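The chain that follows stands alone, in the form predicted alone, written as structure tokens.
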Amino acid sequence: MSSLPRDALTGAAIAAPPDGAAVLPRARGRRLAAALPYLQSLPLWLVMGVFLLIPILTIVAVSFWDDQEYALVPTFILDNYREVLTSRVTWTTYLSTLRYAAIVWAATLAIGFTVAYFLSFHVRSALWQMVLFQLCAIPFLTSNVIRMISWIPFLGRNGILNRTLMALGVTDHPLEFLLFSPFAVVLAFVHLYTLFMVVPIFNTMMRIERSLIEAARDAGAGPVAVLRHIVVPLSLPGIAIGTIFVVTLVMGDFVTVQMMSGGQSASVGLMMKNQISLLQYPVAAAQAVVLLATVLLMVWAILRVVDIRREL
């Protein structure tokens, strides 16, 4: 007996399609399924190409150009990189910027880890965790410049802090180092960028299984041992992400250094800003490329030490 399907009206047998006709739709469906992720990410790649890749390539191209008075000459020269890499001023400025980055990183890490640890392990209520976290974040809803300028009347020679210290008899003269100094720059940096360290560390700590900590305590581990062997290792991805944020922001900042140091300190970003104001665009572009390479090298070193894919 034939098992071919029959037409419902005529009763005639319907011939089965050839084997290749069934394979083609399946192959087409597999190709479409394989291409679907790329099609979905295409808008993102277009945005990144227009707003990230093309500007970076433009800066790299201009870094090899020459400038003659007020005109840019599209050519290929290495004089800009030679001027940047052989200048004593450049090396001194990079060391100063790296010093700022290291000090600010250490301070923000200490504050950020402490705040995140308190919110994660000492505040039991999820509602209060969110309330206290929002209190930490509210000041960051205002402009960086406004928050930075607010330190000037507080730290000035006749500011609130100096008057309070003299009224209490702590000092008999205003403290000059409080404003327009490296101390003021570091203080402003810490104030501006601490939240970028708190958020990823807090997010990582909230994912730590509390059963691990309870098991360690049942095994006789004290608070220091729990912190050293459980909390800190499991928080490393968040620390790495916060480090990337803070270091990259400090390396490229120039407004804070210019305003809080009173022109007495230098940074790579401020040096590029001055070069642009003098219409030295090729040299500034070469400086930007060197800074980008330096920051990418630092990020690569961080990612080699800590695997942040566990956080993502």
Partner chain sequence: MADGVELVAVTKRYGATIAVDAIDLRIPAGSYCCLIGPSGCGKTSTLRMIAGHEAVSAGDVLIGGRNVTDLPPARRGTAMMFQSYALFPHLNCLDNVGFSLRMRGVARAERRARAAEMLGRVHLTELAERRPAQLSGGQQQRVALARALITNPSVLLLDEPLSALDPFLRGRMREELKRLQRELGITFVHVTHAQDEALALSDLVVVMERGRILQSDGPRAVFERPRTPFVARFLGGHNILEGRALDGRAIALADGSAIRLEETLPAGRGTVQIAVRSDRMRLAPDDAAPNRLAGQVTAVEYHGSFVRVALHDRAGADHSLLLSETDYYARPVALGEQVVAGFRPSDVHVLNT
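Note that the structure is a prediction, hence the values are computed from the model and not measured. Positions refer to the first chain, counted from 1.
Not on display, but discussed next: the form predicted together with its partner chain.
This chain lacks the partner; the member of 82, 147, 229, 163 within 4.5 angstroms of its partner chain in the predicted bound form by a non-hydrogen atom is 229. Just one of 131, 137, 216, 152 comes within 4.5 Å of its partner chain in the predicted bound form, counting any heavy atom, and that one is 216. The closest non-hydrogen atom of residue 225 lies within 4.5 Å of its partner chain in the predicted bound form. Residue contact check for residue 233: one or more of its heavy atoms lie within 4.5 Å of its partner chain in the predicted bound form.
In the predicted bound form, none of the heavy atoms of residue 123 sits within 4.5 Å of a heavy atom of its partner chain.
Within this chain, residue 111 is remote from the site of its partner chain in the predicted bound form, having no heavy atom within 4.5 Å. Here the chain stands alone, but in the predicted bound form its contact with its partner chain, taken as any heavy atom within 4.5 Å, falls in 233 to 241 among 114 to 122, 137 to 145, 196 to 204, 233 to 241. For the partner-free chain shown, 209, 211, 212, 214, 215 of 195 to 215 come within 4.5 angstroms of its partner chain in the predicted bound form, judged by any non-hydrogen atom.
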